[in-house]
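Let's start with one chain on its own, the form predicted alone, as structure tokens.
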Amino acid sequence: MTTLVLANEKGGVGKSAIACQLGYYFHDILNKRVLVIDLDHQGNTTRSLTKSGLATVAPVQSHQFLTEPITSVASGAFVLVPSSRELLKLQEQKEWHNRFATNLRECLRAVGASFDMAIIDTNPNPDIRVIAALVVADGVLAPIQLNQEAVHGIGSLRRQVVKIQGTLNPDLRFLGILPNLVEATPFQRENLTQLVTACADLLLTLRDGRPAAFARRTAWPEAQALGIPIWKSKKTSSRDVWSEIRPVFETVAASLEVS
């Protein structure tokens, strides 16, 4: 089982929407058995995937993957381990942090034979949930909005990834920064140009050499609200958005050697 983590220390970057659509992509387009784990107490991924009816909701909650030796989840080809408010209590239990990371690794090993792909959506504040997810991950993708706060957050996340690569998970791959919600304004275009210039080696890059990015489109929140893959929306605009999204998702899959 290959494990991908979505992470960014700044909230509101569209991370959960990307996690949901990636889950749909790996399951529906690539025909993979997918496990989605929502470690964000806000539960945006949980709400959208639950509403979709496409995912089987596991009887265990995501905090239990950290606090208990879970050995099985619901059977199915597309399974969601939902968020819970109990996640907020984990940071207070510092003496158990090593055990939380170990539990998550052991849980994923226990269920790994049942799935091809695990996608973990994380919370914006860099606590034990994010660290534990990075410890067990094969790759990490960092959605970002084009503002200074998000850029600074990526620098901190990258340092954390490097630290974990050097100590706890040498196989962890930083797939790159993925600018999201990019607006067609001179200010945003300038910000994107500056990001490409300053962080070219950190950007997720498409097969044709262009930096990957998602424009701000109404199709994203509409798909999330309906709980559907964007490519299954009946709106023409959604089909146009899917033509922009697909090469990015193909790049992510190729980076993880999932086909």
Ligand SMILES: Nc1ncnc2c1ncn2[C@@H]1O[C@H](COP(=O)(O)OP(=O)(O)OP(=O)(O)O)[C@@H](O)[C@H]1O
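Everything quoted here is computed from the prediction, not taken from an experiment. Residue indices: 1-based, along the sequence shown.
Missing here is the form predicted in complex with this ligand; even so, the following discussion is about that form.
- Taking non-hydrogen atoms only, S83 never approaches this ligand to within 4.5 angstroms in the model of the complex.
- Among heavy atoms of T205, none comes within 4.5 Å of this ligand in the model of the complex.
- This ligand is not shown here, and in the model of the complex it never comes within 4.5 Å of any heavy atom of G139.
- Interface membership of F214, defined by any non-hydrogen atom within 4.5 Å of this ligand in the model of the complex, is confirmed.
- No member of the trio T46, Q61 and F65 reaches this ligand in the model of the complex with any non-hydrogen atom inside 4.5 Å.
- A heavy atom within 4.5 Å of this ligand in the model of the complex is found for one listed residue only; from L181, L172, L90, L168, this is L181.
- Only one of T56, Q42, S52, N191 lies close to this ligand in the model of the complex, with a heavy atom inside 4.5 Å, and it is Q42.
- Heavy atoms within 4.5 Å of this ligand in the model of the complex are found in one stretch of 72-80, 90-98, 173-181, 154-162, which is 173-181.
- Along 1-33, these residues reach a heavy atom to within 4.5 Å of this ligand in the model of the complex: K10, G11, G12, V13, G14, K15, S16, A17.
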